[in-house]
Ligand SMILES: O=C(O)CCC(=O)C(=O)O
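For reference, the chain that follows is the form predicted on its own, supplied as structure tokens.
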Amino acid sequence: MTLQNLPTAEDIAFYNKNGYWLSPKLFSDKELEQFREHHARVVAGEYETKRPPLSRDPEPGDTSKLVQVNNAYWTDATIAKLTLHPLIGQIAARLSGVRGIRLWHDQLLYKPPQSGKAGNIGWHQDLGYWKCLDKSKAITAWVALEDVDEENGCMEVVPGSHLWGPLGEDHFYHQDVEEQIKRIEEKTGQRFSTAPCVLKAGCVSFHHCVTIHGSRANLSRRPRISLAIHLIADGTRYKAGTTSDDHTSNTLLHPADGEPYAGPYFPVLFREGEPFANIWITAT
């Protein structure tokens, strides 16, 4: 693990201004080959650990639309090593300005080739689904396992939208993304302009939990495969009485109001001043 992969002061300033940041390549070609192999197994419903994910949609065998597998790291040791990688945690902590980072949950994603509107991911803010968190320091690391660009439906973000505050635009499965744009512009009075997160395999995009993002159709003949790792600041607590009380992560802990998210369901990836554990990936 080298300092050259960590965000600089200029990178952190960019993140604070725009609500996202794109990393250099963090993983080697050999490691990416392993990740892709195990990603395909999970999509097919082959769970190495014999433990199923927390949820998935659609069921194994159906790749006609976007496949989303929640807590995929339960199912496969190689996916777990990626989800819990300390370098991702350290980068997230630096960008967020916190001393420690825990896993909230992961989402293994498969966007099928030439999927049309069925592959769209509507414009949304992650915090809209996570109102039960008492801190707005949550951040997502989106790992590209293949090259992603506008042709195969890369993620797009609205720079600076994390400063607009929560908008109630929480429509992950909304497929008419153009209709959404008009509504958001009317609601905010802001021009809706996106930046594509074009990434080479092994690079990672990081975005703030209030940054508006989504993606359009995969027009290519290749699937778009990735892993989204949702992270929270160490010390984040459960805030009762929100519309996110029924979030799947709350079903794991059954927290009381004010109780911290901690323990084995929300493992620490990085904590300032503590040694890294299980470091096994070195970028090349």
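Just count from 1 along the sequence shown to find any residue number. Note that the structure is a prediction, hence the values are computed from the model and not measured.
This next part talks about the form predicted together with the ligand, which is not shown.
Engineer: In the model of the complex, which of 205-213, 186-194, 78-86, 95-103 comes within 4.5 Å of the ligand (heavy atoms)?
Structural biologist: That would be stretch 205-213.
Engineer: Within 4.5 Å, heavy atoms only, which of Ala138, Leu145, Leu109, Leu199 is in contact with the ligand in the model of the complex?
Structural biologist: Of the candidates Ala138, Leu145, Leu109, Leu199, Leu109 is the one lying within 4.5 Å of the ligand in the model of the complex.
Engineer: Find the only residue in Ile91, Ile121, Leu133, Val158 having a heavy atom within 4.5 Å of the ligand in the model of the complex.
Structural biologist: Partner contact (heavy atom, 4.5 Å) among the options: Ile121.
Engineer: Does the 4.5 Å heavy atom contact test between Ala228 and the ligand in the model of the complex come out positive?
Structural biologist: Taking the distances in the model of the complex, the answer for Ala228 is yes, it comes within 4.5 Å of the ligand.
Engineer: With the partner left out here, check for me: in the model of the complex, does some heavy atom of Arg224 sit within 4.5 Å of the ligand?
Structural biologist: Taking the distances in the model of the complex, the answer for Arg224 is yes, it comes within 4.5 Å of the ligand.
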